[in-house]
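One chain comes next, on its own, written out as structure tokens in the form predicted alone.
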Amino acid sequence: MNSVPDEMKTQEQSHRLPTWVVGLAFAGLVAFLVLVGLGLRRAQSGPITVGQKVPGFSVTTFDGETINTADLAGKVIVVNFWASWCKPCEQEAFELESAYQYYKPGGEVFFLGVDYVDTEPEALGFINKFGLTYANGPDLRTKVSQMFRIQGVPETYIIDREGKLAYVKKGPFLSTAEILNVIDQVLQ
């Protein structure tokens, strides 16, 4: 009968990891796989669609103020993605500022410009050139644009008083009247 010598058995046993180490490694692997799965699920989910609740997010403006949408509950929020290098964004900049000035006295509508993939000097130049006075800030690490799954700029998302996405505009608004019409419908 072939038997393993005692010294080889001892050597084999000394190379084994303790059971708790194997269990801990297995638990770590399972946790990692769960995180990867959740990330993939989030990445594969489509854009926020009209009627869906918009997750809260925050943007720090170029002035250093942090705007958190959770603090704007009960208001209509106009989120406009733009960039200084975007020619269609230039076309709608004046229209958005005019709409902001129209709704500003009532305080029911909050305008938030989100600067997409830009540099701060160029973005500030754009803001100054078009006299934008509503809140504007950079989309650091494209966190907000990824949440909305934007496809380009300009894109505008209007969130209703309950925090649900009410309207999406891909491309520039062509007139102040168009913006006012959409917002008035969301306000009703």
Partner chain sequence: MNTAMKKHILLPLIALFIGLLWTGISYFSVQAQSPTPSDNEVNAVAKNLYCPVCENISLDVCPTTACAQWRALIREKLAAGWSEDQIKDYFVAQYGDRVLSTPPTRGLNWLVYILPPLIFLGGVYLVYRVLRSMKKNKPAQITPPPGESDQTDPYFSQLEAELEQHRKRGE
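Numbering follows the first chain given and starts at 1. Computed from a prediction, not measured in an experiment: that's the story for all the values here.
There is another form of this protein, the form predicted in complex with its partner chain, and it is not shown here; the text below is about that form.
- Here the chain stands alone, but in the predicted complex its contact with its partner chain, taken as any heavy atom within 4.5 Å, falls in 132-140 among 48-56, 132-140, 157-165, 64-72.
- For the three residues Y116, T119 and E122, a heavy atom within 4.5 Å of its partner chain turns up in the predicted complex in every case.
- The closest heavy atom approach of Y102 to its partner chain in the predicted complex falls outside 4.5 Å.
- When its partner chain is considered in the predicted complex, W85 lines it closely, a heavy atom lying within 4.5 Å.
- Proximity of Q146 to its partner chain in the predicted complex: non-hydrogen atoms within 4.5 Å are present.
- Contacts between stretch 149-188 and its partner chain, counted in the predicted complex as any heavy atom lying within 4.5 Å, involve no residue at all.
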